[in-house]
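Take a look at this one chain, the form predicted alone, written out in structure tokens.
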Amino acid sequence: MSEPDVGSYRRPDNLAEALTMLDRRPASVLAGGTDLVVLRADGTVDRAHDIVDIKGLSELRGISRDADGTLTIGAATTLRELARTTVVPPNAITDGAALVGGWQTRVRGTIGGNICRASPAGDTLPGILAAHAQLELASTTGTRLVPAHAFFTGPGRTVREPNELLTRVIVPASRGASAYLRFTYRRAMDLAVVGVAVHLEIENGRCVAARVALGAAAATPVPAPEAADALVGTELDEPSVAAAAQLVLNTATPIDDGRGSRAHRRTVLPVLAKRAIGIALERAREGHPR
């Protein structure tokens, strides 16, 4: 019996070389490898594809904030670096990064890998939706920006073309604050049964802008606009928050699977949303932007 075709391992010296490799042959991008190694081993990812290892590309790492407040996160930045960053205060994206797997996973795993894996339960994904982030995709022919809410097309699927590489996550400046919470059965090393990210902006005690996004509540991470709109104009008092939190159910279309039933997820989501709104509000009052 012949051995199956197995692609080559390639380690480019720079971003241009990586993009050329992706353009020439079918390839899988290796960032942290925490998912790719498993998916390749079980045949979910074609082992005939080359592996392009981008871990060493300095152009894809780091977290910075421009003078205007725009936050840029390199796609190969590890989840541990992101969770521990002091460039920005804690927010929904860093909250999610701090929850992925165990510390060994976070040391290896990257924000770009978590995004491109496109798991509906990915912990950083609701945060990038709530932040109105833009995702920069590069190829040998140029770059394009895709809004985070338009990036995901289904479980494990995105608009990224095979010859494109996610290079940066760009978060616009904001006067607000955000938070992400998830429900799991264990405190660590678990996948979200459901997750909720909330972004709030407050002026003179009233909410002037809000965004809510859900994880593991649909085939992709999804915004929950009705819940967000219900917060705007209110003083974020108990009745307003409770009413808005309940509206996440107008967006949620969870499934029954091994991690939880649809009914349980729909029971948990408003509770989680209410708590996430509370943390975002507390951070906003403390002056934590983002």
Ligand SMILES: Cc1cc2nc3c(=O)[nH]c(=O)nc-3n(C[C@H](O)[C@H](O)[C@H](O)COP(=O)(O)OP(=O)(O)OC[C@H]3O[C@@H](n4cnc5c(N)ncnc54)[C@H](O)[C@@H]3O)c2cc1C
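It should be emphasised that the depicted structure is a prediction, and the values quoted were computed from it without experimental measurement. One-based numbering along the sequence shown.
Beyond what is shown, the protein has a form predicted together with the ligand; the following relates to that form.
- Site residues Arg108, Leu166 and Met189 are all in contact with the ligand in the predicted bound form, judged by any heavy atom within 4.5 Å.
- Residue heavy atoms within 4.5 Å of the ligand in the predicted bound form occur in exactly one stretch of 140-148, 119-127, 216-224, 195-203, and that stretch is 119-127.
- Only one of the listed residues (Ala179, Ile73, Leu79, Val212) places a non-hydrogen atom within 4.5 angstroms of the ligand in the predicted bound form, and that residue is Leu79.
- With the partner omitted here, the residue from Ala243, Leu249, Val232, Leu36 that has a non-hydrogen atom within 4.5 angstroms of the ligand in the predicted bound form is Leu36.
- Proximity of Pro254 to the ligand in the predicted bound form: non-hydrogen atoms within 4.5 Å are absent; the residue sits far from the partner.
- Remark: Arg160 counts among the residues lining the ligand in the predicted bound form, judged by a heavy atom distance of 4.5 Å or less.
- With a 4.5 Å cutoff on heavy atoms, Gly260 does not count as touching the ligand in the predicted bound form; it lies far away.
- Contact check for Leu30: a non-hydrogen atom falls within 4.5 Å of the ligand in the predicted bound form.
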